[in-house]
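The data below hold one chain only, encoded as structure tokens and taken in the form predicted alone.
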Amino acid sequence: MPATILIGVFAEIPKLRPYTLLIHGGAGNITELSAERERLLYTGLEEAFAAGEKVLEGGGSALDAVCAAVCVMEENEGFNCGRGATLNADAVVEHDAAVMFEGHSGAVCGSTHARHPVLFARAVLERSPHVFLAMPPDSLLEEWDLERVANDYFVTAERAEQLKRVQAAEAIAEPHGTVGAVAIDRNGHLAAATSTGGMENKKHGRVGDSPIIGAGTWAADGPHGVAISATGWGEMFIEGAVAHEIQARVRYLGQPLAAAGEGTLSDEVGTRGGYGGVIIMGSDGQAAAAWNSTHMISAWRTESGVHTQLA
């Protein structure tokens, strides 16, 4: 496969408060965004960042913060998660999600009825002896007091039309719109959360990198700890163990966050012909992002306020 050229990277975002939050709404090679989609994305980023930062400001944990931010994006049709997620080849929405906090994780793939897949993943972490549940039964939603909705709730007219176009072309749409968040709280604990609908027109049961710990999601405390949420072409992120590779570059090579993200995307994703992006939080509260696609939808705090970007 041909290498994909790295497009963008921003170096460490300084820690401006006793806590730090960084969120993303997906990376991809998007040719055009409608005015309505842009409005949804900007609104979603702003509301999600505010929700997560409010938790941190009130002394909440990094896990509470990343889940709060992702839940807001799961309610926003502009992103590929929750309501408005992509449809598989059978016109069904299958969600994947993962969380990691204090070295422990929870993940689900093939969730079809949890209104907030990220909270399903969190329940796996907190309420089960397991790490990863595939095609989890709906009975767990009631057992764990999680909201259940019909699968049709997630389907939007735009996604249904997109599936028709993709199937008419006998193709798999390039993925974009996965969401994620990384944070460090007042106690110095790191957390990451990622949620996605995956590829449009994917085969039933296909799983991307988002719920796979060490591929699309990672968080570990300690002097060289990092929290990572990835987005992009999941197959390449799985094969490159991208999230853990970034952690290894930081821990063992002493690389700065941005350099670790950039190098990993170049070596493990670009050389496989893939694309995507990562957001990274360090144990000192510094943050960074890197991407090798035309768009990296994200939000973070600067000295002048909250900054959002779609490109």
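Numbers for residues come from their place in the sequence shown, where the first is 1. What you see is a predicted model; the values in this text were computed from it and never measured.
The form predicted in complex with another copy of the chain exists for this protein as well; it is not shown, and the discussion that follows is about that form.
Query raised in the report: How about R115: is it within 4.5 Å of another copy of the chain in the predicted bound form, going by heavy atoms?
Result: Result no; R115 lies far from another copy of the chain in the predicted bound form.
Query raised in the report: Can L253 be called a contact residue for another copy of the chain in the predicted bound form at 4.5 Å between heavy atoms?
Result: Yes.
Query raised in the report: At the 4.5 Å heavy atom threshold, is E245 in contact with another copy of the chain in the predicted bound form?
Result: Taking the distances in the predicted bound form, the answer for E245 is yes, it comes within 4.5 Å of another copy of the chain.
Report task. Give a yes or no for P129: in the predicted bound form, does one of its heavy atoms lie within 4.5 Å of a heavy atom belonging to another copy of the chain? Result -> Residue-level check for P129: yes, a contact with another copy of the chain.
Query - V155, A173, A241, L146 - the one with a heavy atom within 4.5 Å of another copy of the chain in the predicted bound form - result: Contact with another copy of the chain in the predicted bound form is made by A241 alone.
Report task. Heavy atom within 4.5 Å of another copy of the chain in the predicted bound form: which of A230, C81, M100, I184 fits that? Just give me the one. Result -> Contact with another copy of the chain in the predicted bound form is made by M100 alone.
Report task. Verify the flagged residues L133, I213 and E235 against another copy of the chain in the predicted bound form: is each one within 4.5 Å by a non-hydrogen atom? Result -> Yes: each residue has a heavy atom within 4.5 Å of the partner.
Query raised in the report: 197 to 205, 157 to 165, 72 to 80, 222 to 230: which one contacts another copy of the chain in the predicted bound form at 4.5 Å, heavy atom to heavy atom?
Result: Comparing against another copy of the chain in the predicted bound form, the contact stretch is 197 to 205.
Query raised in the report: Which residues within 96 to 117 place at least one heavy atom within 4.5 Å of another copy of the chain in the predicted bound form?
Result: Going through 96 to 117 in order - heavy atoms within 4.5 Å of another copy of the chain in the predicted bound form - the hits are M100, G103, H104, S105, C109.
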